[in-house]
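The data below hold one chain only, encoded as C-alpha cells and taken in the form predicted alone.
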C-alpha cells in the first residue's frame, strides 16, 4: 500500500525537483525489521523513487559493522542524509508527521551543499574544533520540533565537528526516560548541556559554545 496519497506524491516530487546535486539516503535496519524499521524503510523507498537525484542505500545494523561504526549508528531505525560528504545529519526513528517536511528541507540543503545561517553564527561556529553531539528529542505530532531539528541539522552541515540527531522519543522510550524527556523538543548537547523548546538560532548556538568550552 502506498504511503503517499496522489496529492502528497505530487507535492513531494515538486519539492525534489529543486535538488541541485545527488543526495544519498543511507538507512540502517536489520534482516528481521521491527515495526518502526519497516515503516521507515517503506517511507524512504517511496521517497527515493520520486527523484533521479535521490538514492537509497540500505545497511544491516548487525552485519555491516564497519559502515555502522563509520556513521556512528547505535540504534535503529537510523538514517544519514549525505551529499558530497557526510554532514553529520542523522535521524533515529521514523521521520514522519511534522518531521517529514523538515526531512525534505534537509535534503534540499544537502543537495545545495550550503545552509542559511546568520553571519554571526557562521563566525562563532569557526571556534568549534572538538566533537559536538546534539540530540533533539521529538514526537511526530509536535509542531515545534521540526524547527529545533532543522536548526541542529543546519549547524551540523556548517561544521564538520557537529553531529546532530533527531531522536524519536516514542520509538526510543528508554532514552526519553534516561534524559527525562517530559516535553518536546528537548535538546541534549554532549550529555552535559540541555534545554527545552525550539530556541532561536542565536540562543541554540550559545548552548553549543557552552558545551564546546566545557571540553577545553
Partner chain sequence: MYDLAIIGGGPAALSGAVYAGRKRLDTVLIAKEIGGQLLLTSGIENYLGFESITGAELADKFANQMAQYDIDEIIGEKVVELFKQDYFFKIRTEGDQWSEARAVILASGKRSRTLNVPGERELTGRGVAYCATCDAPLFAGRKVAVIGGGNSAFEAVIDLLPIATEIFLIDIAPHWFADQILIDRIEESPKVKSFQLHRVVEILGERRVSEIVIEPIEGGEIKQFNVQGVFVEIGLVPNSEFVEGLVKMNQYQEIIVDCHARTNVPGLFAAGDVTDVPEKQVIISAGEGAKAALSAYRYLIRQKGQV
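Numbering follows the first chain given and starts at 1. Because the structure is predicted, anything quoted here is derived from the model rather than measured.
Below: the form predicted in complex with the partner chain, not depicted.
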query: When you measure heavy atoms, are 47, 54 and 75 every one within 4.5 angstroms of the partner chain in the model of the complex?
result: no
- line: Note: the partner chain not shown here; in the model of the complex, the stretch from 77 to 85, 142 to 150, 106 to 114, 123 to 131 having heavy atoms within 4.5 Å of it is 142 to 150
query: With the partner left out of view, is residue 200 within 4.5 angstroms of the partner chain in the model of the complex by any non-hydrogen atom?
result: yes
query: Would residue 155 count as touching the partner chain in the model of the complex under a 4.5 Å heavy atom rule?
result: no
task: Would you check, heavy atoms only and a 4.5 Å threshold, whether residue 177 touches the partner chain in the model of the complex?
output: yes
Contact flag, residue 182 vs the partner chain in the model of the complex, heavy atom cut 4.5 Å: yes
- request: Would you mind checking 81 to 100 for residues with a heavy atom within 4.5 Å of the partner chain in the model of the complex?
  value: 98
